[in-house]
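Only one chain is shown below, in structure tokens, and it's the form predicted alone.
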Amino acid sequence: MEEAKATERKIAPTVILAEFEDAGAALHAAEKVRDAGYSRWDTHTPFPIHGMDAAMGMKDSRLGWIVIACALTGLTGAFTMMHWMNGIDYVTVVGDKPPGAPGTIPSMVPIMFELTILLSAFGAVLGMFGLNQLPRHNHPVFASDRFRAASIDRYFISIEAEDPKFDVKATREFLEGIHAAHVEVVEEEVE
């Protein structure tokens, strides 16, 4: 009895994948998916399609705000560090100018620039990973044999099972109704 339970596997749908033959059809289908109220879905295309962000209802990226916050942190940190080291902790008179004099700022510019750029780069990379929920080494769409054409000449829309509106039958009928060339339910083993 226990051996039968151990070999028994539960398989559940994880994503529904709709295939389109051209960019225009995928763009119009994305608008219809957005208007239908789905929230956990994505498009997969061999090249960027102009207007797809608007068709998907995507907002502007928050990455710029992350980068500017990191840049200002680097700039402020560099100035504070040099002011503390040269003017308070270990007073250093350079070029007969006392610490904090207006003529000392130009000597700080290279360090402030470098720390601003360094923290901006870290913010851009780490922010991109965080906002894109990376690394994600496997996605359910990779289980579809037809999905390999997404990098060549096919256009796909995937709706995930975590979407609040997701219903296998209704979602499949909806995707077929927006003239998808092929609709596939991708299933995975669940625990």
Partner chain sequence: MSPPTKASLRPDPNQYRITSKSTWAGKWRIAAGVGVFGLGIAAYGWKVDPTRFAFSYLFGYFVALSLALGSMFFVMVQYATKSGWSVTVRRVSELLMRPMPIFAVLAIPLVLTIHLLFPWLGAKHHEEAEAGHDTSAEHSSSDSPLAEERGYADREPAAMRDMPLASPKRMERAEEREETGIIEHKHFLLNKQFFLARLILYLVVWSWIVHRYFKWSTDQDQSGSLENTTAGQRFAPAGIILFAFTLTFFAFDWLLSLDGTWYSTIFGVYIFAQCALFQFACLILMTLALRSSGLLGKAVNVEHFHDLGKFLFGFIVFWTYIAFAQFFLTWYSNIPDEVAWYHKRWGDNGGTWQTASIALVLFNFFVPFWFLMSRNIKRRLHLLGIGAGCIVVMHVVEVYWVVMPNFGPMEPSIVDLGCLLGIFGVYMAFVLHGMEEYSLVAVGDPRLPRALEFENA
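Keep in mind it's a predicted model, so treat the numbers as computed, not measured. Numbering follows the first chain given and starts at 1.
The form predicted together with the partner chain is left out here; the points below concern that form.
Could you work out which of Val109, Ile88, Leu118, Met81 is the residue within 4.5 angstroms of the partner chain in the predicted complex, going by heavy atoms?
After the contact test, the surviving option is Val109.
May I ask you to choose, among Met58, Ala36, Met128, Ile68, the residue with a heavy atom within 4.5 Å of the partner chain in the predicted complex?
Contact check passes for Ile68.
With the partner chain left out here, work out from 157-165, 129-137, 60-68, 38-46 which stretch has heavy atoms within 4.5 Å of it in the predicted complex.
It is 60-68 that comes within 4.5 Å of the partner.
Are any of the heavy atoms in Thr104 no more than 4.5 Å from a heavy atom of the partner chain in the predicted complex?
It does: once the partner chain is placed as it appears in the predicted complex, Thr104 has a heavy atom within 4.5 Å of it.
State yes or no: in the predicted complex, is some non-hydrogen atom of His50 no more than 4.5 angstroms from a non-hydrogen atom of the partner chain?
Residue-level check for His50: yes, a contact with the partner chain.
Run the contact test on Leu72, Lys97 and Phe113 with a 4.5 Å heavy atom cut-off to the partner chain in the predicted complex and return yes or no.
Yes.
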